[in-house]
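Given next, in structure tokens, is a single chain: the form predicted on its own.
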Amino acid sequence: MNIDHPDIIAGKKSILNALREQIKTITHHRPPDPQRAISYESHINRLEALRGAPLFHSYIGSGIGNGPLVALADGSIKYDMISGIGVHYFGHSYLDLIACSLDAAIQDVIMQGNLEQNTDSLTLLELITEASKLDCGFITTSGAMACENALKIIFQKQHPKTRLIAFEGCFMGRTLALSHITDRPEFRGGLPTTLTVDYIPFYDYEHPETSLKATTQALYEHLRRYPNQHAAICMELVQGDGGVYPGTKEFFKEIITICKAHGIAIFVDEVQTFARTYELFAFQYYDLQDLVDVVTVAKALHVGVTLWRKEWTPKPLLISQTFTAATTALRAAIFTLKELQNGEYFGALGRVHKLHNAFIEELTSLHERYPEMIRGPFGIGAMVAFTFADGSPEKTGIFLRKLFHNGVIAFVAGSEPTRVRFLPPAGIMTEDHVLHVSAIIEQTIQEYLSL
């Protein structure tokens, strides 16, 4: 397909110009349109009935936004600080991504896969293996499938080992296998056991002087009790769903050294951390690039990818999928990876660092003014959290719903305490946007205190 045909170029330009004009009208948050309230509520009720469960937020998008601002179907405009749980790194209606989608829309293959691939898959794999310095990769439709494929690769190579090591509080997914790694028993209620996982403590930022000792003691105990039975350690370098807890380079290196000495594969789950620390990959930020064996990415990349060193290449037929990704997702992934590598996003002076500092400054100021209402802030890079009130799920839920009503979309993370979590659109958000979000947070705190 020749996307440089003059008619195609003219058509794209016309669409993008029309959209650009509409985007210009979305400049600040605003409340819902009262005239749409009844129909919007009806849509929400029907959606909840069909999906068999309530929505966390009453969110149905209109299909347009402007950076961190998203317009909902009820006429409201809100600051999106969760980005689809980390997916929409460049926010809403980002014209360069829409241009990629237009190119994809005229391709003959909508869903690419095992037997039908365009050159997009090759381009993406070349880019991401070079960026990660890992040898091979397999593209898939989601982070969960990327992790499933990683486990299959590891277990085949490590046969007959069947056990895994994971950190307490970890989250890997909700599939039949991944729900047994995720440290949330309620996520696997009534499910048959598929994997056996031994948990060790994650880095304890409140007791750093004793944290490593406690973790290594637990690790050695599992290794003693189940000798030569562990296939891999599953590592989130920042626990996102677990509460936005980062580890440290020294902590991870010591754990990895022990595991390597016992023939245990190092599997790093970067589904959420990809592009959200101060390097493209969190394992690069923590200086673990020479130690990882298998890595998974997704979310901000728009597709899932399982990456591995060549000695971990699986036997034929182990991993294969009808759909590896939509053409639109592959084009978006290619754009995203090129932009992140060529733009000024990482390092001490990068956009991610500046955004983090802006959030920390504002949330720290809110803590000083409302010490009983805001604890923290916590996190790293474009992963930010704070504890509201006593950190109970009930009070946090009330606060988040009021925050949503006032114009900011956020989500929960962790338990005991439950935290408010931000995964902001780091590729587009500015320090001015952070100030606006902070003002809405303060308004919501004041409303809560007046109850």
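We number the residues from 1 along the sequence you see. These numbers come from a predicted model, not from an experiment.
The next section is about a form of this same protein that is not shown, the form predicted together with a small molecule.
- The partner is absent here; in the model of the complex, the one residue of 164, 172, 244, 301 having a heavy atom within 4.5 Å of the small molecule is 172.
- A heavy atom within 4.5 Å of the small molecule in the model of the complex is found for exactly one of 83, 272, 277, 336: 272.
- The small molecule in the model of the complex comes within 4.5 Å of a heavy atom belonging to residue 142.
- A residue is said to contact a partner when one of its heavy atoms sits within 4.5 Å of a partner heavy atom; residue 307 fails this definition for the small molecule in the model of the complex, lying far away.
- The small molecule in the model of the complex comes within 4.5 Å of no heavy atom belonging to residue 282.
- In the model of the complex, the small molecule sits within 4.5 Å of a heavy atom of residue 147.
- Stretch 263-271 is the answer when you ask which of 223-231, 263-271, 364-372, 246-254 has residues with heavy atoms within 4.5 Å of the small molecule in the model of the complex.
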